[in-house]
Ligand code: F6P
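Have a look below at one chain only, the form predicted on its own, in structure tokens format.
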Amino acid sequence: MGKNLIVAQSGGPSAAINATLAGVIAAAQEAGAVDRVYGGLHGIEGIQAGKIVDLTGFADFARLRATPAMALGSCRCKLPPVTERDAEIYRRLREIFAHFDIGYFLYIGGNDSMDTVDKLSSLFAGEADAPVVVGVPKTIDNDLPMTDHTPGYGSAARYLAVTMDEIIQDTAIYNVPAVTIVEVMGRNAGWLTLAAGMPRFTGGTKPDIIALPEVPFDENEFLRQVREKLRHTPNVVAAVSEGLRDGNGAYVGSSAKSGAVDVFGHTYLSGVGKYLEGLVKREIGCKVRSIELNLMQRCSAHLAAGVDLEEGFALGRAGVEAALRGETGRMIAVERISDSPYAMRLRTVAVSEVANQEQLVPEKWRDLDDPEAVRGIRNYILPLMQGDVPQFRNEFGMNTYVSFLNWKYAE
């Protein structure tokens, strides 16, 4: 009999994270070294609370791959420093891992989730019969270092590109001066905002303005661009990141934000679109609206990219393989081999080089009027958006998904 494996999800949802979960479960079921496969509900918080389900017999992989959000639920939990080894949560995790005879722990998530992987692998380092801890990446923000991209980004990019294209079509029908400001997720990294710019990067003329968080935002320059664009087109469309900062590093429209922060110290962002709407209305006086895409860009399964889900599944399998090799404190990463034809391979990297770090849009891609930058952006994003995903519908034509949230806990 082998050791048992437990997998959990953490952070924000995506359209691909359940494909990764499916890859983990499938590979673990096939592995002779794994006895039982468990899932922790609501991340590390749920595990320490004993909220664990048995996935050993799970078989509905196709439906799980197509299920958006997080079938095991999520949490945002910052573990204490490893120096606090006697902290209650560490004591409880040791009890749970021992009770369920856990030999392998896989955590699927982004920057902050890799912090958990890093701390737990350090906590158990050097201990006899310690569980192997492996990180498997996901984040629509695409801001993890040491990997070419992350599962979830391709589907979010596809949603943003398609939705922006439809907004452009909608706003083009009237010959009345108007400005539409579309607010896109992205605290510090502009990868999603670049995706919203794909209608322009692939041959169109809009969005007219694309504002990345990596580039200091000047309100006067923004107004100048809007006025200039209105001289040539009655309908100006702007894609702006929620994390825009001015030259002093302050969030644009910060006076309109709540100021609240999460457990990792991240400020809750939203409202930059509404703030810029008020600015344009006050300073220019034309018709103006703002659109905050908000949650919809995170896991819209109807626009999920097939490549994204295939890679997510592959990363889940690779996570199990790395765990069985004993690669504790590592994260699965994507290495791009070619843009056209698109090809990649998987490897592992030290999670300590990923945790709490960010990969921003490279400086060479921040001048969006540079044809070479546009070519690089297009070649990078387009392969990740390809492929359709089968949908599973009930007799009423509604999509049906997988959720473990009502399952009976394992004992």
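Position 1 is the first residue in the sequence shown; the rest follow in order. All figures in this text were calculated on a predicted structure; none of them were measured in a lab.
There is another form of the same protein, the form predicted together with the named molecule; it is not shown, and what comes next is about it.
Problem set entry | Which of 84 to 92, 179 to 187, 127 to 135, 160 to 168 lines the interface with the named molecule in the predicted complex (heavy atom within 4.5 Å) | Contact-bearing stretch, as computed: 179 to 187.
Problem set entry | Listed residue that, although the named molecule is not shown, lies within 4.5 Å of it in the predicted complex (heavy atoms), from 298, 206, 317, 149 | Looking at 298, 206, 317, 149 one by one, just 298 meets the 4.5 Å heavy-atom criterion.
For this session: Answer with one of 274, 227, 336, 76: the residue that has a non-hydrogen atom within 4.5 Å of the named molecule in the predicted complex.
Result: It is 76.
Exercise. How about residue 141: is it within 4.5 Å of the named molecule in the predicted complex, going by heavy atoms?
Worked result: The answer is yes: residue 141 has a heavy atom within 4.5 Å of the named molecule.
Exercise. Taking 4.5 angstroms as the cut-off for heavy atoms, does residue 242 touch the named molecule in the predicted complex?
Worked result: Answer yes; at least one heavy atom of residue 242 falls within 4.5 Å of the named molecule in the predicted complex.
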